[in-house]
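What follows is one chain in structure tokens, specifically the form predicted alone.
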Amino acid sequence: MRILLVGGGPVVYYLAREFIARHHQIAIIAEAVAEAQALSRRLRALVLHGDGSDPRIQEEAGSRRTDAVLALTAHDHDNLAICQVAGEIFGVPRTVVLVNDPENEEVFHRLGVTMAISATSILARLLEERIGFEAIDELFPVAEGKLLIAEVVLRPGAPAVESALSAITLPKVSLIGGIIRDGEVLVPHGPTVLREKDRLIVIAEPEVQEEALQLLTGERP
């Protein structure tokens, strides 16, 4: 896959290094001369110095043949312009923005950016979920946030302990996708009885996940 990164700093460097290790073809546009020079020395990638929202610079970086553009500058208005040039002028099928101000996330979606990611929103949500549900070891979104997957530990006294799955009424669009017990992975069925220390893989839509986790663990945020 051909990926164009626009921006500078550690995020661009580490992302580029990771993509190169996965055998993707990488190009970078860095606005600062020193940044461009440093990246070109450290990475086996095409690195250009210039304004990433300038169509001439994007053309030189190969945007017309690019599969995805990642706008990673410190300014949201610049990131939006970069993605609009990539999508509207060069027909790049996937444009991704790292949003600095979480309030811009929805605006970017409405303006045609394929994916707007707010690190602030993600960290805030994860912190709230960690505080609210101490039994959750891991939680992450899939399908562009349409589903959430959580790994839940059933602690002593949890309402689901010693209950058969068929006796637990989970909300619609939620399910237990797997059980890890004593190092073994179990495929859940209706008669399966849940036990203390079981680790449950819970899959649910964001709107109902809190209810599903409360039914299983008894914990409330």
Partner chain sequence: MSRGAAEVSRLIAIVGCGRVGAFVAGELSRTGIGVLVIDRRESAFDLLPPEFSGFKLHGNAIEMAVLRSARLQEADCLLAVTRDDNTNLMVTQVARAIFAVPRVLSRVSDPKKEPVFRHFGIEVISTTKVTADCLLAALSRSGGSRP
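Since the model is a prediction, treat every value here as computed from it, not as a measurement. Positions refer to the first chain, counted from 1.
Unshown form predicted in complex with the partner chain; subsequent notes refer to it.
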Using a 4.5 Å heavy atom cut-off, which stretch among 49-57, 156-164, 186-194, 169-177 contacts the partner chain in the model of the complex? 49-57
Does Gln84 reach the partner chain in the model of the complex if we count a contact as any heavy atom within 4.5 Å? yes
Within 4.5 Å, heavy atoms only: does Glu151 come near the partner chain in the model of the complex? no
Find out whether any non-hydrogen atom of Leu80 is located within 4.5 angstroms of the partner chain in the model of the complex, and reply yes or no. yes
Ile89, heavy atom within 4.5 angstroms of the partner chain in the model of the complex: yes
Partner contacts for 87-113, taking the partner chain in the model of the complex and a 4.5 Å heavy atom cut-off: Glu88, Ile89, Asp101, Glu103, Asn104, Val107, Phe108, Arg110, Leu111
